[in-house]
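Just one chain is shown here, as structure tokens, and it is the form predicted on its own.
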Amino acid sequence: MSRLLLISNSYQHGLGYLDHCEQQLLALYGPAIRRVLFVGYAGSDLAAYAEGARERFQRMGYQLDAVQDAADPAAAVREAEAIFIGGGNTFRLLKALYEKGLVDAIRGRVSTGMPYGGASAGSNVACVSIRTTNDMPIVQPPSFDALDLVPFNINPHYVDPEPSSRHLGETREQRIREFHEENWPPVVGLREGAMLRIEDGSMQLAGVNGARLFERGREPRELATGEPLDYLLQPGHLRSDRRS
């Protein structure tokens, strides 16, 4: 019953907050949803972050409640019609989800059909783990295991190697290959403007710029916008013990 929209980025060049994915968000939440619960723990100024998100969601026709304003954040999740988790630092976000008792609460609600939208860090935490985030570990969550709403990982803001660059540091592709030296879950490298739409066992790549799929023991391959990716939703796509 899962309904998710996992977005690479909150801002697209030349556009405002969530402008590039407005139509996909409207399709995710639909006309029946009236209020969306906003989780902004990836940011530092929670009040300002929520206020900016509230203005944006109101322009789409939704009232927005900030989870940090709730006396019981877990109860707020259990009672929410829909949820959106904003971007920022993934380690700070996951630490707060554990501390506030939201990991199981979000899993439970999404499993019963609550629409889940996430951008950047909000997409990272929907995955098996946050081991493929780009962020620095500015805090230490109790575990790197995330919400496990999908049986793969995402690398948001994916950047392709630049052949003419003189930079000798690791490319994003090299870092993901290193991840697969120790871990099994596939990794979808979402370029800016790309997003994954998931509806009841079906998944499609949406947005612009496409993505790149990394699987352990296989060469990376290009994913085109509009491509169906249902097979990546099958638990144990490469191996049943995908939490290793």
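The shown structure was predicted, so the numbers you read here are calculated from the model rather than taken from an experiment. The first residue of the sequence shown is number 1, and the count goes up from there.
If you look for the form predicted together with a further copy of the same chain, you will not find it shown, but the lines that follow are about it.
With the partner omitted here, the residue from 99, 104, 79, 170 that has a non-hydrogen atom within 4.5 angstroms of a further copy of the same chain in the model of the complex is 170. Of the residues given (175, 218, 59, 34), 175 alone sits with a heavy atom within 4.5 Å of a further copy of the same chain in the model of the complex. Mapping the unseen interface onto this chain, residue 138 counts among the residues with a heavy atom inside 4.5 Å of a further copy of the same chain in the model of the complex. Taking non-hydrogen atoms only, residue 128 never approaches a further copy of the same chain to within 4.5 angstroms in the model of the complex. Under a 4.5 angstroms non-hydrogen atom cutoff, a further copy of the same chain in the model of the complex lacks residue 109 among its neighbouring residues. Contact annotation: residue 49 falls outside 4.5 Å of a further copy of the same chain in the model of the complex, judged by heavy atom distances.
Of the stretches 66 to 74, 200 to 208, 25 to 33, 179 to 187, only 179 to 187 has residues with a heavy atom within 4.5 Å of a further copy of the same chain in the model of the complex. Annotation for 91 to 124: interface residues with a further copy of the same chain in the model of the complex are 91, 92 [heavy atom within 4.5 Å].
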